Every structure is written in structure tokens, then in C-alpha cells.
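Next comes just one chain, in C-alpha cells: the form predicted alone.
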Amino acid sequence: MKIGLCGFGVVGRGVYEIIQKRHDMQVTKVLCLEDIQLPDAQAVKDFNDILNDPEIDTVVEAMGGLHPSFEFASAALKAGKNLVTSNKALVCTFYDELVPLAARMGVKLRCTAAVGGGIGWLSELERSRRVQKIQQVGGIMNGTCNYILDNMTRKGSDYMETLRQAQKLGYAEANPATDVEGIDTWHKVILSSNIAFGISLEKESVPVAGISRITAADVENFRAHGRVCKLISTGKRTEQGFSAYVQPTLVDEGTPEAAVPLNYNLITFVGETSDRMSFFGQGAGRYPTAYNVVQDLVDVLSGKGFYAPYGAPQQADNSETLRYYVRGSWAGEVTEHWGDAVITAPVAVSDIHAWLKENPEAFLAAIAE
């Protein structure tokens, strides 16, 4: 296998270093805007140098972002080259373009590292759906949010103090919005649901709420009631079709999710035969993520393509009702008061997320039953 590697940052360099030790694949060209010297690969600054190289049969996209990643990815597929990427935003946003294009061109598309970093989550969904119907997917999919919530719970510190600590340690970006507002998790649960259920969720129908409004007082309220707050994603089959959403959720202190420490992930599926299966590990980092990129390259060598057949677009139905902890100007029915916050009567997921859009200063967390 001859590989064109796009991007030589944290993940790209890790991929290159792992491949250097192998004999069944070789990185021959690296797209990088900086001047770098490599002993066994040519550094290029123009993607066409990779695209037009007939010896390169596989492109690894490790740049991140949507553009020009999408243009490079689609061009590679159209040129008959396999594509492996760790970019969850890319595959989620352009799912309806990339997955059918790969099938039409008869080439392989893999993105295991896009969800869970070093956890082989998507490849396990691929194996599981061969022998059973998957009923539900989700869990803790973002290490930055888990680090913040775990530290606030254990130390009683406030949100901004903990966020600054996460940034200092490299767990959070200088602009952390994609993580703390739940967008990273949103991409991951949509991609996971598409693969688990063989559908293509309409992204606008999947609501998301993040953790940026949480306070130390909220966390103390949760502790007083035997609860721990985690950012939880959910995708599942319903009588109406499929539901999917991302939101802070209060879990019992004794649950596996409550015990997930630091920047770790705990991702779960529920199958009609296997019941609950959970996967714990590092959700990011150079070598864990690069490991799964190379795993995908090995799968491509063995003839594996995408994880599930492409399914028609499907709108999420979030009419199920849950109780919520709400701190803000909630005017609906209330069953309890926890300090300055209230516990709502059961309310539809879609309805309370619509309310949150109109009240962005509020904080909410679903109560896991």
C-alpha cells in the first residue's frame, strides 16, 4: 500500500511513525505547509502532487476541519483512491456525499478514529450489526467535557477554573466551544447512529446542549441528591423511528458513567442479543488516535470498506419525555426545587431543547431514570 498523508500535526505524525515500522504499507508523500525533511517520504505543498500520483492508492486525511479537507477527500475518492480519516466533523457533515461516492467508485472509506480516538468503537459496531439489531448507542464521547465535569465533581472547583486547567494540560483548545458546547459529541453520536442503524440522520433534527453554563453550586446540588453530571450522547430506535440528542445528564453515583475519570470516554451500545456492551479508553491523543488510523489501513488492505450500507436520510424524532434539572426561567410544570433550580415534570426532549435555544443563559441536565 502506497499512502499519501495529508497533514503532519499531532495525528499525522503519529500515523507516519507507526507506519515506518511496517512492511505492508509506506507513506510516500506528505502534504504539509511547513518545510519538513523525511528520510523515506517526499514533503509536498500541493495536494495535486498526491492526487495525480498513480502509485498512491490510499489517502489518509489528518488535517481536521471541513475545508479543504472535504475537497481533498472527495477528489481522492473520485480518483479511485481509498480514504482513511480521523475527522469526525468531515464524515458527519458530508456523510451523504462521501459514503455513496466511495461505494460508487468501488473504493474503501474508513474513519474508526473519528469516534473514540483509540477505542475501536465504529469497527465494533460494524461487527455487532452483522449478527444483531443494535437498539441504542451513546455515552461519554468527549474527554474535554469529562475532564471538566470530573474535576468539578471531585474538587468542587468552578467551571472557568477547571477549564483553564484543562487548557493548560492540553485537554482543551484555546477556543473550547466545539467541545464544551457539545458539537464534537454531536458529530460523534450522529456518525455512530448512522452506522449502527443504517440510516443518515438529518443533522438539524438532532439537538445538542453543552456544559458551559454549569456552576459549582449545580454540582453541589447534584452531590446532595446522589447524582453526578456527565455530558451524555444518545441515539436509539423508538416506536416512531429513531431519536438522537446530546445533553448534560445526571446519573446515579453508582453507575459506570459516574466513575469515568479525567479525559476518558465510556461509549456503549445495546444490542438485542448482546444487551449492553461498553468501551472504555482514551478518546484522543497522538498515538491512540493514530493507532486506529493504521488499524483502518490494515482493514483496507484486507478489503474492508465502510461499516454499514448507506441509508436514506432520516429525521430524528425526539418526542420522548424526560425529567430535567433546570436553572433558569422555566415556566413549565415543576415537581421539586433543588436550591435555585427546579426539577421539571416529564417534558419532550425536543420541547426543552427548543426552550433552551430561547433561553441560552439557562442550564439544564436530564435526569437518568
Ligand code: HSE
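Note that residue numbering begins at 1 and tracks the sequence as displayed. Throughout, rigid core stands for the largest set of C-alpha atoms superposing within 1.5 Å between the two forms. Being a predicted model, the structure only gives us computed values, none of them experimental.
There is another form of this protein, the form predicted in complex with this ligand, and it is not shown here; the text below is about that form.
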Quick check: do N142, K188 and A284 each get a heavy atom within 4.5 Å of this ligand in the predicted complex? yes
Exercise: K88 in contact with this ligand in the predicted complex, heavy atom 4.5 Å: yes
I'd like to check something about A172: if you look in the predicted complex, is any of its heavy atoms closer than or equal to 4.5 Å to a heavy atom of this ligand? yes
Report yes if any heavy atom of D179 sits within 4.5 Å of a heavy atom of this ligand in the predicted complex; otherwise report no. yes
Would D150 sit within 4.5 Å of this ligand in the predicted complex, counting heavy atoms only? no
For the interface check, one of 179-187, 125-133, 212-220, 228-236 should have non-hydrogen atoms within 4.5 Å of this ligand in the predicted complex; which one? 179-187
On a rigid core superposition, would V228 pass a 2 Å threshold for CA movement between this form and the one not shown? no
Threshold 2 Å Cα movement between this form and the one not shown for A166, core superposed: yes
